[in-house]
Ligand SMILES: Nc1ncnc2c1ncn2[C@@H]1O[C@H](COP(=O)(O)OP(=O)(O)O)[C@@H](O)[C@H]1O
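Given next, in structure tokens, is a single chain: the form predicted alone.
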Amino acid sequence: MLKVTSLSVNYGFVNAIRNVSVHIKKGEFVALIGSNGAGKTTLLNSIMGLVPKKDGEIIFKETDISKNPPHSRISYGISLVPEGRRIFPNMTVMENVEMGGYSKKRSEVVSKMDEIFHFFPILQERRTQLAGMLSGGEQQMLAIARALISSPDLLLMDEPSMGLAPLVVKEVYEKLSMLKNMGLTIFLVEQNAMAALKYADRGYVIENGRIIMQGKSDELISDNEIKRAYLGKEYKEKWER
């Protein structure tokens, strides 16, 4: 479904990512892990068209979208849940969700809204509440719901565990796993490597703007270098409870 080939992005004279290649098949849940500043968000923003590429190709559903503007990529079937959620705090939950469907017909948005509220019952309960009054976990669910209203084929997720308690992180990832089982393709970036690899089918590791490793999630979890660099000595105790 998505094929990124030899992608490079610069910020001025700084190489943010260099010769990055990833591929994601339809229906896969793929994680990209790495430390802060490794280039994870830059890759997602480039796929979404929010930052220009220097070199390389972005092929989505066999179409080169490398030069397409962001709104066009949404129309092709890509949605992004940004880092920090970036909801509209002074708008209601329902208004936030509706904002994600600006490119769709009103009838399509209304129909999809019922489906989304069924999937996120807490948002149904709080649909008239200001989004800024929601908890961090509820805001993350809202950000996902806003991305889903456009009926994407590919969901891009940027640091979904940021600022959330472990139990809430688990709840968010279980929702993402359910979406994957419903047929949605997911590409997710995370510093919280264990959370991502616990649920993803495959993973990539990015360091200093380059992909340094890839493989099935269970292979990466068992790799001693990944354990040392990204999981830490407490990883088993925390995530195998």
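One-based numbering along the sequence shown. What you are looking at is a predicted structure, and each value in this text was computed from that prediction instead of being measured.
Below, we turn to the form predicted in complex with this ligand, even though it does not appear here.
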property: Stretch in contact in the predicted complex with this ligand, which is absent here, among 178-186, 41-49, 197-205, 210-218 (heavy atoms within 4.5 Å); result: 41-49
property: 4.5 Å heavy atom contact, residue 138 and this ligand in the predicted complex; result: no
property: is_contact(residue 83, this ligand) in the predicted complex, heavy atom dist at most 4.5 Å; result: yes
property: Contact of residue 37 with this ligand in the predicted complex (heavy atom, 4.5 Å); result: yes
property: Contact test in the predicted complex: residue 16 vs this ligand, heavy atoms, 4.5 Å; result: yes
